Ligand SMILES: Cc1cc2nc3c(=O)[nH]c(=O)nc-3n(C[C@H](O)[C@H](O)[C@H](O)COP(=O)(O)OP(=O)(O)OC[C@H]3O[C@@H](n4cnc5c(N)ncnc54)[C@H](O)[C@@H]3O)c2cc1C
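There is one chain below, alone, in structure tokens, taken in the form predicted on its own.
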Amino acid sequence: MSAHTVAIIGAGMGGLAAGVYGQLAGVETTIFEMHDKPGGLCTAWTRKGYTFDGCIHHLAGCRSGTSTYRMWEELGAMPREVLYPADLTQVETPEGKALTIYTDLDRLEAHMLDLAPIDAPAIRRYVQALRTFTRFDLFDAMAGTWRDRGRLVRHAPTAMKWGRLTMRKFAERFKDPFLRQAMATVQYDWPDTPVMLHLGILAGSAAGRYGFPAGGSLRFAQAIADRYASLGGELHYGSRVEGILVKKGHAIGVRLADGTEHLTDSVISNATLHTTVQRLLGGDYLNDRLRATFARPQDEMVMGLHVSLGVARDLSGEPHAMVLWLPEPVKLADRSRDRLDLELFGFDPSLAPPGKGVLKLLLDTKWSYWAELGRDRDRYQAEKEHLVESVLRLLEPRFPGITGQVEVWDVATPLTTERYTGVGPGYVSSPQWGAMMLARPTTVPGVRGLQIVGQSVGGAGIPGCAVMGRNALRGS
């Protein structure tokens, strides 16, 4: 009796996980990937000896014994060297005032009390909440069993208490003007994100559950692709899927851009929901819910613009990340900015030549701005060059001489992301917390044997997408 066969569209984290768990279960899987590298958005690229990382900030599941770590072990991504920066981020003003969010909670408390003694009660409540969150990890429940989730039930009220409060509102609890300004930005500079997310990540970092895989995102994804290959899985690079084959309401395979067809028993798509339904299925299976979702295009691309610099400068003594407030707002790309969100990779020497470093600026941007520029290649390139020049002028006061130390730069726009990963503008949907925590794949009404995985359908970061891929395989 022949094994069940599955075609997997895309070697992103969900697709790779589906492939590995399929091979482990005796299912014959084949992954078709448009790019020449695995990982999808979990990626990095190399320029003149510098590695510019495009994804991982804090990876869950870095401590042995957790459910997520066990999943990474099964996927071939652990054990590996993990780096634990001493800080989550540092917020600085033009005058040189700084708040460092240390991952050592005792050090963090002492630093904050020294900075703003007037806020002692609020600071102690904040650090106590962090210590409470070190005892559990809500997001680890995604990768665990029902028994693992059951153990976390008693912590749910504590988590949800903080889940109803945003970083912006939380910052208002402080009296010191600088703390009120800074605390809203300490979690990826997302003032409207729930405090629960911040507490989970910082407490997880303090407990050694969250870290940075040495070598970065692409090396991490490549380890999973290697595991998949070792299990006999077939991963075809440069193989763009143009259509999902459907017969009598059942997905039976895929058609590639070169016209070849690959027949299988079912299909798992790690392409976005919009790409899967509108392009790969030709828009033939739209219902009212999907029409409503696709009627709300999401022009805003959070962290959609990356300005990466390879510099002849030792960054090992700098913070792991930084929110750098500017003396006055400055226009960068499509909008005025009053602060810069930086990542400094001096903590991982493998990403740059000896004694040198990588610095990256992350900017929110609009898809439409770059789509318009992209119609004229010269204008598009000129805007990228102007952006780098402007950024360097803004960095000079904090990093004197950095302009002359730049050996290579790279600007990745939303068009860059689409070209290499197929991920374009998003569409507003409202995945429920319960579905996200359970990492349930999405199905399309009227098409049996098809499941969609990934961040576009509620995958909660890299681990959530991997769990969703695992769950899709179990349901294929």
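Sequential numbering from 1, following the sequence displayed. Computed from a predicted structure; not experimentally measured.
Below: the form predicted in complex with the ligand, not depicted.
Not one of Gly22, Arg70 and Ile268 is positioned with any heavy atom within 4.5 Å of the ligand in the model of the complex. For the chain shown alone, Phe32 is a contact residue for the ligand in the model of the complex, at least one non-hydrogen atom being within 4.5 angstroms.
Within 4.5 Å of some heavy atom of the ligand in the model of the complex lies at least one heavy atom of Val423.
Shown alone here, Ile452 lies farther than 4.5 Å from the ligand in the model of the complex, counting heavy atoms only. Within 4.5 Å of any heavy atom of the ligand in the model of the complex lies no heavy atom of Ala18.
Only one of 131-139, 236-244, 92-100, 376-384 lies within 4.5 Å of the ligand in the model of the complex by heavy atoms, and it is 236-244. The contact with the ligand in the model of the complex, taken as any heavy atom within 4.5 Å, belongs to Cys42 out of Ala439, Cys62, Val444, Cys42. None of Leu415, Val411, Val27, Cys55 but one reaches within 4.5 angstroms of the ligand in the model of the complex through a heavy atom, and that residue is Cys55.
Looking at 69-94, no residue comes within 4.5 Å of the ligand in the model of the complex, counting any heavy atom.
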